[in-house]
Each structure stands twice: as C-alpha cells, then as structure tokens.
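Just the one chain here, laid out as structure tokens, in the form predicted alone.
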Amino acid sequence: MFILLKYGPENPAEAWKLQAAKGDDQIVLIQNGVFWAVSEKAALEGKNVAVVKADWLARGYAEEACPFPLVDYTQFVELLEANPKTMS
C-alpha cells in the first residue's frame, strides 16, 4: 500500500495511518508531512519511507539532513504507480 503523510505529527489521522502501515508499505512524506522526518524520526525507522525533496527544501532543511531518501516529483509518481492501493 502507498501511504501519503501530508500533515504534521500533530494530526491524529496521520498518526493513525502510520500505525496502520505494514512492513512492505511505501510511506511518502509530502508537504508538512516532512516534519515527521524531523520530530518523529523514531516512529518511521525501519519503515519504507521517502521524502519529497521539494517540500523538504521548501521548509528550510538541507538535503544532507534528511534521514530518509529524497525523491523528486517524477519518482513520487513512479512510487504511486507501483503501489496499487493508496491511503492518504
């Protein structure tokens, strides 16, 4: 399943989506969801996580500071297409 987190850790629906994630699910942090990689990194460790690079950079973070792989929009679409079910 493709799980899209677009709101920050204070959003209870996003926390629920993360709790529902299984080991092989693809999680992508987009928009304010990138804050999960900063304040809730431990909750994401061991999961298949990617961060949209443009959103990470737009919030003032350096590329090398991201603890997860950064993807551009083309790669984001490829991940979306590779996963038939989506939770967002």
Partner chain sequence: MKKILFVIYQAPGGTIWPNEGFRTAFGMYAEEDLEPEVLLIDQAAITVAQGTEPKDLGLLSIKMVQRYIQKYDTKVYVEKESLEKFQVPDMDEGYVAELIDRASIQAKLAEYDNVIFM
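Everything numeric here is computed off the predicted structure, so don't read it as measured data. Residue numbers count along the first chain shown, from 1.
If you look for the form predicted together with the partner chain, you will not find it shown, but the lines that follow are about it.
- Mark A65 yes when one of its heavy atoms lies within 4.5 Å of a heavy atom of the partner chain in the predicted bound form, and no otherwise. No, A65 stays farther than 4.5 Å from the partner chain in the predicted bound form.
- Message: My question is simply whether G23 lines the interface with the partner chain in the predicted bound form - judged by any non-hydrogen atom within 4.5 Å.
- Response: No, G23 is distant from the partner.
- Message: For a quick check, can you give me the residues of 56-88 that have a heavy atom within 4.5 Å of the partner chain in the predicted bound form?
- Response: Contacting residues: P84, K85, T86, M87, S88.
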